[in-house]
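Two versions of one and the same chain are coming, encoded as structure tokens; call them structure 1 and structure 2.
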Structure 1
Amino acid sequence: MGFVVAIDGPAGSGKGSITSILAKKMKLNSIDTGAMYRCVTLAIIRNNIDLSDMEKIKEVLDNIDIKLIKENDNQIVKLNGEDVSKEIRDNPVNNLVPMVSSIKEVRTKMVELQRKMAESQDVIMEGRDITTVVFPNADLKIYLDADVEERAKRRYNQNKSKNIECTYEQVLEEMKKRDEIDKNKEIGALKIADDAIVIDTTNLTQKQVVKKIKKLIKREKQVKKLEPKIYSERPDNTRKRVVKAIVKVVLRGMYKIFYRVEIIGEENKEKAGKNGGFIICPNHVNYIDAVAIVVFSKEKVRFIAKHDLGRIGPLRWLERLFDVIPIKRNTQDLEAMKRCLKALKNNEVLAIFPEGTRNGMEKNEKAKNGAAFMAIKTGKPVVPVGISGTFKLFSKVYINYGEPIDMSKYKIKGKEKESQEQATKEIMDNIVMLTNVKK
């Protein structure tokens, strides 16, 4: 799979024009997914096919040939060998494409074609479900948004430049209806992916939006290039063990001096570890709290951390030294999951932040079920941890380990999702309680 940039957003948010500019500037192949659905719609119109006639629609899909060709920096859309670039933008197609794109068979075929296009090239794609359905594991996901009034104004000006007769009020009303249809589709509904970066373009110029996304693309390309190093595991040998021991002693001393760290409930880890590995679940208050957990633990603790931290050289070195497991957050990172489950089966100690981000509880972020899932699947206990303190220099930081939680009661066949939710709630309730340390 090549490098994939996926851009979602409602009509008039600037997806098309922004994608086109970025494709040229960042040397990415632009695949206009909307144009592909429009081609299917045009084929249905030309063949006078009723949208309820699935046999004829399937026949169109089986024989359709869509090509997106670059000519003099312009995109030429060809349907079965014919240039239909202008015709797919006319009103008959505009009016019918929302219904056509909602047909399951149409979406399945288009997703198949779009994924195939990205197999051997670096691409940038825009569409209304590109980050959630077509490429849920895209290297970079962007959700472009803007107030509906601003989006209607842009579309109205666009129509005027193409000599399309309309009023602003008409465009605004159509835009509102389109938003409602797109958000409530049974298949391919418009929604924000969990790990998408939302950019509100209401008060931004096109140039400002392009600049923001260019920076993000450069960063993610760097991460992609470094992935072999980020995901590689450093062999456990004498040299590594000696270096790790020295680093732990140095860091522990620094934390004692600068943050006056106090450990409470250390015996609870010993209880959890009687029968092998376990999972540590702390709250996440600062980017350096994970280090404190590791260097003050007698056990070897393997943290699970977002993979893009590995783009920073010194952090990558520390992560490999302490066998951190990198994970692509909010995606189905099967490689990371396999490593975690293998570590637990080997009776190792894993550490994961259920909040998923710093100060997640304060931000009212929904806790992640990853720790609960792994604990239930492997039968390993969870040790909740409450971290109290700001990590300001010379302030006091408390790391409070709670009683191990037996997750076996949540292993209920047929109710996996509900059980994980309940288990996560119990973990978070314990973490909250453990942060209330008497200081």
Structure 2
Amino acid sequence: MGFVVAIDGPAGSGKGSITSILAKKMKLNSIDTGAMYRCVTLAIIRNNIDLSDMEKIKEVLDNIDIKLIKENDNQIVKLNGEDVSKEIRDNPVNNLVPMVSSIKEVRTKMVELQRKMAESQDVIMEGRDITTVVFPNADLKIYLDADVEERAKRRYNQNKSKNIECTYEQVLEEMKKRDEIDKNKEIGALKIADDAIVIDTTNLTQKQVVKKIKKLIKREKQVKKLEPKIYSERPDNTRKRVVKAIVKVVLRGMYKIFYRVEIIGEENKEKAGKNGGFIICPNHVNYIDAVAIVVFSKEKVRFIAKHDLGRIGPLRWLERLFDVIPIKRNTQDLEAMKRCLKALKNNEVLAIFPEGTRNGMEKNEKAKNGAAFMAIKTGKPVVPVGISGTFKLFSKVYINYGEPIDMSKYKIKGKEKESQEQATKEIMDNIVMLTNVKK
């Protein structure tokens, strides 16, 4: 699959124009999926098909040929070889497309076509379900939003410039209706994907929005290019072991001087490690707390870290030296999961921040179930860790290891999800207690 930027958002949020500007600037092929649903609608209208006649609709879908072609900076939409770019924006299509795009068979066919379009080219695709259904693993997911009043104002001005007669109130009413339909569709409803970056464009100019997304695309492109390096493992040879030992001594010394690190409950790791591997679960206060856990541990600790950190050269070097397992956040990164399970089965020690992000508890973020899932699956214990301190220069940092938690009680067939939630809660409760060090 090529590089995929997925953009969703309600009508009038600016997705269309922003997508076509970005496509030009970033050399991506823009795909307006709304135009595809409009083509199907036009074909249905032209063939006089009733929306309850599924046989005929299926026939249309089986024979449909939709092409989105770039011609002199304009996008031309071709339906079965004919240029229908204008006709698909006319009222008969406008009125029927919400119903047509709610038909399951239509959606299945469009999703299939959309996925095919990204097989051999880099795309920027906009619609309603691109980040959630079509490409849940897109390289970049954006949700563009704006207040309904602002979106109606934009659409009203657009209509005026095209000499389309309407009042602002009519456009606003129409926009609210469209939002209702888009958000409450049984399939392919407009939703914000968990890991989508939400950009509220209400008070932003088009230029500002383009600039923001351009920056994000550049960053993701860089990560994609570096992926082979980020994911490659460095063989554990003598040279690597010597470099690792030296780096550990140097960093330990620096942490002792600059952050006056004090380790408490070291023996709990020994207890956990009696029967092999285990998972260390600390709270996450700062970018550099993971390094402290690794360099102050006698055992080899492999952290699981978001894979885009590897775009930074020195960090990538450190990550590969300490065999960090890169993981794509919020997506089903099966490759990373396999690596983690394999490491645990080989009795290695893994470390993961259940908060998912720095100070996740303070930000009221829901803790992630990944550690609980892996511990339950492999039968390995979890060692909760409370890190307290600010990592301000010369202030004190405590790393407080708690008693290992046996996760076997959570292995309940048929209740996997609930058990993981409960196990995660127990881990988080322990972490909170352990951050409370009597100083």
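Because the structure is a prediction, the values reported are computed rather than measured. Residue numbering: sequential along structure 1, first residue numbered 1. Think of the rigid core as the biggest set of C-alphas that the two forms share within 1.5 Å after superposition.
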With each form of the chain shown alone, which structure should be assigned as the form predicted together with ligand DC? 2
Comparing between the two structures on the rigid core: C-alpha of Asn48 shifted by 2 Å or more? yes
